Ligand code: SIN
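What follows is a single chain, given as structure tokens, in the form predicted alone.
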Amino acid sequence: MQTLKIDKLSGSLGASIVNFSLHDLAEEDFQQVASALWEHQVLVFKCQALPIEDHIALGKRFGALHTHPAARGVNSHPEVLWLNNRGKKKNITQVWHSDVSCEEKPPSISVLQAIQIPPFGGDTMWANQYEALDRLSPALREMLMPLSAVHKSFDLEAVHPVVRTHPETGRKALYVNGGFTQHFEGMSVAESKPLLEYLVAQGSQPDLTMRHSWSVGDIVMWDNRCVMHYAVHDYADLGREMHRVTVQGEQPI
């Protein structure tokens, strides 16, 4: 059994797991990782450089893998999403979002590995949606509790609760985002826009976030059910390649 040494990365969320190998995890080691993920929401593992088969196997420890509905996979592995620099104008991840929330059963865990990084820039940020909900006024939280919202993209559409309950922790988190949430169910886009923009802005306040500067071989895993994330495109046309394995989630409740 490996020793799980945890260094917190911000006051709100995120932890670095020090001197811990993700290669061929023993069951007790995987359970340590899962418990740390439920607690810290985002985990950073430095210097892993997992072969693609090991990356896939790691994702499968959390459950069946998700295949992206619109983006290509890596070679013969459609379940490994290929993220490369296509230029800032074509970038779709520079917005606060939760992965593919437009699906009826959106992804739960994402496991991202840095394959090639630019000499500067290319950081990723995450924001704590448990705390985002807790910070809202009691009256606003009470108003949001019964609401659902429509999430739409890639010719897919799903309706999810605005406040969802995490199946592992039982905690409630705000579940709207700037990438996929279109409007509240039963309301128009125009009626919904001011409150949705407010919720996303409040949910991404700087003191709710952590930011990671990548090195080749880094693995970062996060829980889409209680965080949003944002990929910063500040590296022009320089090379940046990432591989992501994503775990199929459950229908939000």
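Note that residue numbering follows the sequence shown and begins at 1. Keep in mind it's a predicted model, so treat the numbers as computed, not measured.
Below, we refer to the form predicted in complex with the named molecule, which is not included among the displayed structures.
Enquirer: Whether T124 contacts the named molecule in the predicted complex should be assessed with a 4.5 Å heavy atom distance threshold; does it?
Expert: Yes, T124 is a contact residue.
Enquirer: Might L83 be said to contact the named molecule in the predicted complex, defining contact as any heavy atom within 4.5 Å?
Expert: Close contact exists here: in the predicted complex, L83 approaches the named molecule to within 4.5 Å, heavy atoms only.
Enquirer: Classify L13 as contacting or not contacting the named molecule in the predicted complex by the rule of any non-hydrogen atom within 4.5 angstroms, answering yes or no.
Expert: Contact with the named molecule, no.
Enquirer: Give a yes or no for L22: in the predicted complex, does one of its heavy atoms lie within 4.5 Å of a heavy atom belonging to the named molecule?
Expert: Answer no; every heavy atom of L22 is more than 4.5 Å from the named molecule in the predicted complex.
Enquirer: Going by heavy atoms within 4.5 Å, which of 195-203, 221-229, 51-59, 27-35 lines up against the named molecule in the predicted complex?
Expert: Heavy atoms within 4.5 Å of the named molecule in the predicted complex occur in 221-229.
Enquirer: Could you spot which one of L144, C102, V74, L112 gets a heavy atom to within 4.5 Å of the named molecule in the predicted complex?
Expert: It is L112 that has a heavy atom within 4.5 Å of the partner.
Enquirer: If the cut-off is 4.5 angstroms on heavy atoms, which of these, T165, Q182, S153, T93, is the one near the named molecule in the predicted complex?
Expert: Partner contact (heavy atom, 4.5 Å) among the options: T93.
Enquirer: Between 232-248 and the named molecule in the predicted complex, list the residues on our side with a heavy atom within 4.5 Å.
Expert: Residues within 4.5 Å: R240, M242, R244.
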